[in-house]
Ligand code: ADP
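Presented below, as structure tokens, is a lone chain in the form predicted alone.
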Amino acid sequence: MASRYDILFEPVPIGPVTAPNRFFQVPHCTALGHMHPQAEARNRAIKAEGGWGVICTQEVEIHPSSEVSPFAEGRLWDERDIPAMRLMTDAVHEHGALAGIELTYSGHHAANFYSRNPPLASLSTPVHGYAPVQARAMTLADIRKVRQWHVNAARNARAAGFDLIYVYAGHDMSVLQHFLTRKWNRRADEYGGSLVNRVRLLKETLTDVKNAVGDTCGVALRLAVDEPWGTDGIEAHLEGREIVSLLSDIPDLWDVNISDWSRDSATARFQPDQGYQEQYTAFVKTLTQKPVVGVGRFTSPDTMVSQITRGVLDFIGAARPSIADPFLPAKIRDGEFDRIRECIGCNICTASDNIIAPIRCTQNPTMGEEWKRGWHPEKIDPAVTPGDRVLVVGAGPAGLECALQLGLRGYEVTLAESTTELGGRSLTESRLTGLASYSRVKDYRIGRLQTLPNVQIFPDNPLDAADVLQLESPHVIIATGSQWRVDAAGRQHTFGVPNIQSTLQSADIAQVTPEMVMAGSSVEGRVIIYDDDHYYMGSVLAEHLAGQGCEVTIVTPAARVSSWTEHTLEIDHIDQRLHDLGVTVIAQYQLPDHSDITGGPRALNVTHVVTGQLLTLGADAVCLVTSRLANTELFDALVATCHPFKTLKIIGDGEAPSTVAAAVYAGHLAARSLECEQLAEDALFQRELIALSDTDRHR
């Protein structure tokens, strides 16, 4: 039957190759890359199975003079890397998709910690980050070498079976983009000065690659059309437009985005709308006859159709939505819209790459586990004992995921929740400013659970140990979550601050918990948030309370507020938002180590973490964001009994407070491993091991 979504499934030519549909997984990192080629291949293959028409690698190094160790990106230095790359292309082709590779020469974005070669860049400058390494300016001979290295890599990519070869000039991570901007290009030769000169290296490299492989492979240009550095950067409707005009029909495909990575992959907290890049990239199709792909955290099929029919894009590009739901295209094709796991825009996936850990996802706990654990996002083994009863206590992220997967396996599941609403922290945190998308974690799982006849849900049903024993379920999973501590115990104060509650009370300072703010409790006046958690919660609470009219000061022992969000690409956005709201930030200060933390009525003392200098702040209320206390009372009480259960396990934040992604993963693991000894928590998963050749052994 014809559908308004049919346009999304039309084949689209890309030079000499044809994509089977308009769903395009743009290049994105997995932290698998050259270190875990089998896991990388399986990860991409799952997306091809799920209906994505084009599947691309992450950035792929083309030469040891530009390598990004210790990060685990792709590597195609020479023909010896072809077999590992072939694993991916074969796996992707098995499902009828095209395989794309993003060739990258990083310039001063690479410190070359492995090769120890001096980095080559557009100018002599320190490398990105804080490494004590400086790149040297490329000579004309170096430029010729970089062009040839692109050609060599393109030919090796073709030999590895890739259909689409990327030339990369985006995210402030590529020397080809560095040459484009005045910030990184002050050269006086034919590659510097005018825009025509600054575009020269990109144009030459693009043409070189086309001449080398363009008869059999499509050649794509990934370009950041907007980089907000004023006259030193690229403005989409000025130099961005001119660059596209100068290169117009050379590439077979335009992949357009904005720079840097923190703008291109902005979290939902700072860019809540789908298609937010349209204002920067929509002009590109007016200047070229070649197909255009762009991104915007697309999850709605109607938004996708709108992008195509309005002539904004030819392909629906996605990184994060393809991570959250590798089967998003298939679900749209089959009309299973209620089964789409929508990306929440939290960037736990980007954090994985930044901390050099295999990719993970809040919504999709199988992400990164496809080869390692053999997990599939849409398939799960049937129950070992079909119809066996399982009681899951707690309907937060861990409990909901566990109950859902157990129900899909065929167990008879009872899900009990002590409060009137399901969702746990995915519900309560979604009430805070900027975190509305977190509700998708509960919405997806509750919606799926309600379709399963073998799952019964009982909200507003607190259970004690006697209640659990009386239910006589053979399997009991406890997912009772956690709560923020009120004693300041955390990284700086392992055992808390003695008598802090009574001390605050005596100084007429109200103690407000994050849970109270989430519940809508009235908070007024001067509020101090003490953040020793360093993820998003402290800054979110500051933003939320400032928006309600409070005079907010955030104190942190770290050098910057929400310092861990550097990995989720949010830290600069957080600084800007707090500044705009008038929030006072006091970094590198902590609560005193003794009970005398007040400097008189409605005054709080804090001390510098290095010098011990005392600072007294006026305060009507204090909110401690330090660490969380796992709710283990029910589990402990059951362990203390002579219980008859086959399974008794505590999971998620109730076991060890962590991220929402970790809670969902824990629920999924518990469901998959129920009655499966080979999946027990102490069992080894698959590892990729290095095999030594006879020659290697004797070197």
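For every residue, the number given is its place in the sequence shown, counted from 1. Note that this is a predicted model, so its numbers are computed, not measured.
In what follows, reference is made to the form predicted together with the ligand, a form of this protein that is not presented.
Chemist: Taking heavy atoms only, is Ala479 within 4.5 angstroms of the ligand in the predicted complex?
Modeler: Ala479: yes, in contact with the ligand in the predicted complex.
Chemist: So in the predicted complex, does Leu634 come within 4.5 Å of the ligand, heavy atom to heavy atom?
Modeler: Close contact exists here: in the predicted complex, Leu634 approaches the ligand to within 4.5 Å, heavy atoms only.
Chemist: Is there any non-hydrogen atom of Leu103 lying within 4.5 Å of the ligand in the predicted complex?
Modeler: No, Leu103 is distant from the partner.
Chemist: Is there a heavy atom of Val561 no more than 4.5 Å from a heavy atom of the ligand in the predicted complex?
Modeler: Outside the cut-off, so no.
Chemist: Check each of Asn461, Thr513, Thr303, Thr207 and return the one that places a heavy atom within 4.5 angstroms of the ligand in the predicted complex.
Modeler: It is Asn461.
Chemist: Could you spot which one of Gly107, Gly368, Gly170, Gly424 gets a heavy atom to within 4.5 Å of the ligand in the predicted complex?
Modeler: Exactly one listed residue reaches within 4.5 Å, namely Gly424.
Chemist: Counting only non-hydrogen atoms, which stretch in 414-422, 139-147, 217-225, 254-262 is within 4.5 Å of the ligand in the predicted complex?
Modeler: Among the candidates, contact is made by 414-422.
Chemist: In sequence order, which positions of 384-405 have a non-hydrogen atom within 4.5 Å of the ligand in the predicted complex?
Modeler: Sequence-ordered list: Val393, Gly394, Ala395, Gly396, Pro397, Ala398, Gly399.
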